[in-house]
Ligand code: XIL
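Just the one chain here, laid out as structure tokens, in the form predicted on its own.
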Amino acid sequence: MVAASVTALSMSGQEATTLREKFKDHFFIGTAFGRHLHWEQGQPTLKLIDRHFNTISPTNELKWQPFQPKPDVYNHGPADAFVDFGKKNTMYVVGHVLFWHSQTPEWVFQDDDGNPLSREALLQRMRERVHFVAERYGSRINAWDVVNESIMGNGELRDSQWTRIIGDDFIEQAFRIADEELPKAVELIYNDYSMTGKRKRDGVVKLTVELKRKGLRIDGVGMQGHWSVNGPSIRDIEASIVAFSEAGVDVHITELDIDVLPRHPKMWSGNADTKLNLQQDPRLNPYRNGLPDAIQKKLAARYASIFGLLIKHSDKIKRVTFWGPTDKHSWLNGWPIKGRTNYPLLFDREGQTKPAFHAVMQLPTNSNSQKKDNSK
């Protein structure tokens, strides 16, 4: 990175009209999407993604369960299409995720008789997975979330089948295997939610420092941005960005969406259970017929505040990725209550820009941040 005068102007000298133009000198700007977008007639959402974003993440296609549901059985077609789309459009492609306590099939942890694997056998199975994706995709995938959601809110290691079999050095072993099997040009990331809480922040900083002290490579920390119009505070988001950067890694803002609906206490109890399925409650789905202007303005102001902070610290930030391209495709419509109508992103259900989009696009970007080489 070299110091540069940063502007929001495109190469033609006109004001930026797309997100990728707006932030081209600051950080990659991206979205996550799934296989179903390839089935849309005319592929309008893929065209929107190509126009506005320069980095992509898969929602499910590279997770272990969808990718390899059974031993020696691979469903890599959707992942292949995802990577091909990214490379065709010269995007920074993220692999999500190598190792996670969720969406990992039970056979991974068992021998042929259904008994728990030994530590050595599970480590070998982990290596086989990484070797396979390394052989198939190589550096066409620019970065991998090596481990996802393995530090709890108190800063301690999550109890999972990974830790019960491998032990407390599970994350260390995962990064060791990834570093040894993946091309050196591929960046290695630790990704997690609720990263603005102090105890969790400190736990991830400790993890990062310890991995580096042991000579292991960790290039980035992913802060999942499943936030709301009411929190976390800008101060807490900033504290985590600074802390992770000072630990010697790039910061990735991942899975960004801003929830505008009332939240049930079980939604954010600290475990982010993706299988949570709560009963219907009209009080938790108040905007079925459209978002009131007052809430639109609140969402726009929230996004403006967040992106103002990200611009301020863009010398520390590698990537900002939304968890979905449009409101229609947001996971928050189905979690933790199926059939809700949520509005957490910058594009509405028809793919049209929202007031939040314009609030972000109107932010000044001639800060003292440093220009990034976002050519990968």
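Because the structure is a prediction, the values reported are computed rather than measured. All residue numbers refer to positions in the sequence shown, first residue = 1.
One more form of this protein, predicted in complex with this ligand, exists but is not displayed; see below.
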- Task: Identify which of N142, T208, N148, Q173 has a heavy atom within 4.5 Å of this ligand in the model of the complex; exactly one of them does.
- Result: N148
- Item | Option touching this ligand, based on a heavy atom within 4.5 Å in the model of the complex, out of T163, Q110, Q103, N285 | Q103
- Message: Is this ligand in the model of the complex close enough to K47, D50 and T353 that every residue in that trio has a heavy atom within 4.5 angstroms of it?
- Response: no
- Classify W331 as contacting or not contacting this ligand in the model of the complex by the rule of any non-hydrogen atom within 4.5 angstroms, answering yes or no. yes
- Give a yes or no for F347: in the model of the complex, does one of its heavy atoms lie within 4.5 Å of a heavy atom belonging to this ligand? no
- Looking at the partner-bound form in the model of the complex, is F307 within 4.5 Å of this ligand by any heavy atom? no
- Can any non-hydrogen atom of F67 be found within 4.5 angstroms of this ligand in the model of the complex? no
- Which of these stretches, 38-46, 23-31, 308-316, 323-331, has heavy atoms within 4.5 Å of this ligand in the model of the complex? 323-331
- Message: Heavy atom within 4.5 Å of this ligand in the model of the complex: which residues of 53-80 meet that condition, in order?
- Response: T59, N60, K63
